[in-house]
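Shown here is one chain on its own, the form predicted alone, set out as structure tokens.
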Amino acid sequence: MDTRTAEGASLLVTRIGTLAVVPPGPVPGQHMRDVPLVPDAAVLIRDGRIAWFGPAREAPLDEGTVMLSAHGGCVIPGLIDAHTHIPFVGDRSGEFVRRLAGESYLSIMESGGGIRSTCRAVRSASLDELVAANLPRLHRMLEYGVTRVECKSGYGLSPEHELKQLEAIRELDRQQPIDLEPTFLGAHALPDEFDGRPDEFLETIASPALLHEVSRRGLAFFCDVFCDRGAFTVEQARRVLERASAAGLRPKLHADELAQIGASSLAGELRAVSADHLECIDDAGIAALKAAGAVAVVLPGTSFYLGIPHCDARRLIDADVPVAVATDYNPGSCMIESLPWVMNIACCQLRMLPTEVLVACTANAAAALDVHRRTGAVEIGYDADLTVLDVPSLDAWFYTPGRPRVRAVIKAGHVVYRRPEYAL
């Protein structure tokens, strides 16, 4: 439900049990737990931006201010999912059962399943079908408190169908309130027709002409490469990302998920915005990310879903690297679209504290998308993207996973979602 305030009217969110004052990102690892918590708080919003916050008793009132009660709930910045593979179509539930029976993700991929399976489904789908299949997913993400989502191509694996995916992201951005951040992931896997010919494929999917078209049309802001065992080598990834940078696309990397081949070190060398996965990161990779100021995006839902070891997030935090947490929502290795569920996995399995996880899914997620100068924090002048919970504290939220805890979502100063039973 979209509840708009009148043009020019201020919105005062009051009766906040706890306001989590997340600072702007990127927040280095050892400071991620340092989130001021203001009890009995309020937030004043003007023109879609945060104008004031603090103790409710001190709240200023503009003439005609609209009041919104949090009913004692905790208020946090809108959640940001910094790594998803929306948009996709197709069903890979059979692969899920094969993995449960003992087959590895890599083995399934090498046998023609995995990404290639989704590629065939995406190629068969029209632009309208891609939009229709993914719009409900974004609506559910909004209900989880998410206000910004990174969306990757990478299931077309040909210029025509990669552009179709990116155009679907643009259309999805128009049709619902969540801001979508598009990433070109043409170098995701080899399609059937290029089997055994990766360099020829890269000349097609990462040609300077295609990368410049993607950038010129504003269809993507970033370029990502799956650099790992069974995917693309460090040298191949370097070639793609150097071309992408020349075209104006910021580099990202799928790195160190299945093996250590030097992908995270490459991310540092190229000054990538982020390196994502990192289950097999080594000391050299950590040092490279820290030196480059790159965000380490960890994806605990994927390890949970595949039954593989988790990234050692505490090691990254202790090294003072800014860490983000995201879903990696995709049809093969993590069909978990709930960021709050993945956040709880980060607490229980990666031993991250609630405040660290919150920073990872707000300020540092914003930094992983290079939007941290205007969103992802409770800061004067920042976008008024806020999530109202139905529990009074962060600790209570993380203590009770699996429940719908979001009362309302505010996007640019407007209430764009509220639970039906929640009276404004």
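The first residue of the sequence shown is number 1, and the count goes up from there. Predicted model only: the values in this text are computed from it and were never measured.
Absent from the display: the form predicted in complex with a small molecule. The rest refers to it.
Engineer: Which residue among H161, R239, R250, R92 has a heavy atom within 4.5 angstroms of the small molecule in the model of the complex?
Structural biologist: Only one option qualifies, and that one is R92.
Engineer: Under a 4.5 Å heavy atom criterion, is G268 part of the interface with the small molecule in the model of the complex?
Structural biologist: It does not: once the small molecule is placed as it appears in the model of the complex, G268 has no heavy atom within 4.5 Å of it.
Engineer: Look up in the model of the complex whether G145 has a non-hydrogen atom within 4.5 angstroms of the small molecule, and give yes or no.
Structural biologist: So G145 does not count as contacting the small molecule.
Engineer: Considering non-hydrogen atoms and a 4.5 Å limit, does the small molecule approach G332 in the model of the complex?
Structural biologist: Because a heavy atom of G332 falls inside 4.5 Å of the small molecule in the model of the complex, the answer is yes.
Engineer: Should E257 be classed as touching the small molecule in the model of the complex when contacts are defined as heavy atoms within 4.5 Å?
Structural biologist: The answer is yes: E257 has a heavy atom within 4.5 Å of the small molecule.
Engineer: Can you check 175-183, 120-128, 83-91, 195-203 and let me know which stretch has heavy atoms within 4.5 Å of the small molecule in the model of the complex?
Structural biologist: Stretch with heavy atoms near the partner: 83-91.
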